[in-house]
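Okay, so we've got the same protein chain twice, two forms, each given alone as structure tokens, structure 1 and structure 2.
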Structure 1
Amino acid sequence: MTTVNPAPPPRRRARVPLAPYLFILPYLLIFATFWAWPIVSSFLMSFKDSRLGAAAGYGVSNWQRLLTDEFFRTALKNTVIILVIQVPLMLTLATTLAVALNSRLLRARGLFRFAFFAPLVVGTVAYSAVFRLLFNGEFGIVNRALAGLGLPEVDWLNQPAPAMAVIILAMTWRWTGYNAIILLAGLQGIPEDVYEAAAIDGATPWQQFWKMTLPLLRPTLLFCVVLSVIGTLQLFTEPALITNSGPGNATMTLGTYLYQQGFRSFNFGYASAIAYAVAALAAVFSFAQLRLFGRDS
């Protein structure tokens, strides 16, 4: 006699719980309102001449202007000069400082760590005003110190090369300690066994630094490089407040030129095109750094 097995009952679809989505719904609404929509809106605006108002049609005139705009090329050149000089200088000092702060021979390490991180706590407007006073050509303390040493005074803020040097010095003072703390965290993640084994094999401290510390610190260094490059491409506060992009646009950066177009000339369409050009440059630089230096890290 043949036995017929009953058909299995149909499976019920598992209900998707709605509670988690309800909890994150306020954040999604805020993100869509204040982040996603402005990003999309500004991108669309980059294809319009906003000075014509609502009647303006879409086109590529703003993007074409970027290719021929002399002021944009000047701002890009100045930004690249600061990037090429300031970022390597700052990271070299930050690495040296991190190694010193990580040394067992240093006493009161907590105090020194706070002291070198403190510049980041100071407001950008306040410290920019201080640097403007320090390097004032008439009564600045830097020129008084040079005169006391018998050296000629320098008109720091009214000559192209000295003005650029002031911007680089100000940024290096502010961000060296911040990057040093990040690199210090990377150093503290390196096992002590590695150095003990190297010391047993006869490696000198200098050899340990070049052949062990730097290779093991490469992921952290790469992180600092990417952040520094992106921050430099967006540089605005220091050239705007210390040198006012002068003299003669000698310290005008992409950030200050964007501000001039958007909030002085009210050409928001062209300012949006500049903003997305900066974002594209940051993406290209970051991708290149990750490809070149991020292998095996």
Structure 2
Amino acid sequence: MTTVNPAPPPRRRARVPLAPYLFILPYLLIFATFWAWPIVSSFLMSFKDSRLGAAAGYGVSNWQRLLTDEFFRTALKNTVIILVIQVPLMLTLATTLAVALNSRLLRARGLFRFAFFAPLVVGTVAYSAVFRLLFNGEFGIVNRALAGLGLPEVDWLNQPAPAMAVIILAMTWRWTGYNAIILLAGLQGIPEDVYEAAAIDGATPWQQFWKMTLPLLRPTLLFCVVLSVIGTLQLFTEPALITNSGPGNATMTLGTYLYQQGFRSFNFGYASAIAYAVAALAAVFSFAQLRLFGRDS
């Protein structure tokens, strides 16, 4: 690097202009090769028809196909349904849990934390298998419990809406604890005396939660919302392993459709277009979230 250091800072920092660049270099090389370039490359690829025998030139055929593709529309619809139900459900539960876990009245906090974090430790393949067992129509424990309660049994994995419910439950089971731990860390960053002052002023716990905890927790919540939304937009493992995108295509997501187009049909151009549609959605959602509750972060 031959860049001249402009206006040397007053301290002795000017002595070592090379060090930070060298520190960043290894990461940057990986970042450029395996992230930055692929992001560009996949954009270019989305304009190429990569099917066998197709002309090699650039065009908008993939994007045109996307607009009229029934399967894409189904995948998009399913993904958005899961997103709209699962993320709020999970984050409400996670926030409630975090507040409970942070309570000074709670005994054996370590044990509870462990219980709620434990699902994350179980691999995706493993918990998918467990959920397939739990919700099996013939011998699943869930149906046995329903029967025991005198309720009708449900053929969970072979009907569209129940299959969707299983996916949502599985994701909630797996990721609630993770978000709760992040939110718990956020809660612990809120100084105790804020609450003491409020209590002296006569604020009820309920008021304290809505008027103080939630606003102070906003940056952390935003972090969780953005990551959860992006994660859900790319949902792959659960529908692939629990329901196999079925019944029919009832639980096919943008993730499983992209996998099918890219790595089953090896239609890289079209898969890239799908990927960019996901990215566009992620950008829209992130932007909306930042506008809605961002402000200071």
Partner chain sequence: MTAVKPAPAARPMRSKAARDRASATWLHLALIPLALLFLAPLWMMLVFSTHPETAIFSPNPPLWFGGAFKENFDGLQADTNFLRALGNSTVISVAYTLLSMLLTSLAGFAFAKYNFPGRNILFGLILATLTIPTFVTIIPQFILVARDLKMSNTYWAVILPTLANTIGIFYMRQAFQTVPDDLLAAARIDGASEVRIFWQIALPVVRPALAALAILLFLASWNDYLWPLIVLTQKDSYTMPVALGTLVGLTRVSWGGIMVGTAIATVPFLALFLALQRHFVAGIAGGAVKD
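From a predicted model like this one, the values you see are computed outputs, not experimental measurements. Whichever C-alpha set is largest while still superposing within 1.5 Å between the two forms counts as the rigid core. The first residue in the sequence of structure 1 is number 1, and each one after it adds one.
Remark: the form predicted alone is the source of structure 1; structure 2 originates elsewhere. Once the rigid core is used as the reference frame, the Cα position of residue 42 differs between the two structures by 2 Å or more. Relative to the superposed core, residue 33 shifts its CA atom by 2 Å or more between the two structures. The two forms, fitted on their core, place the C-alpha of residue 22 5.7 Å apart, compared between the two structures.
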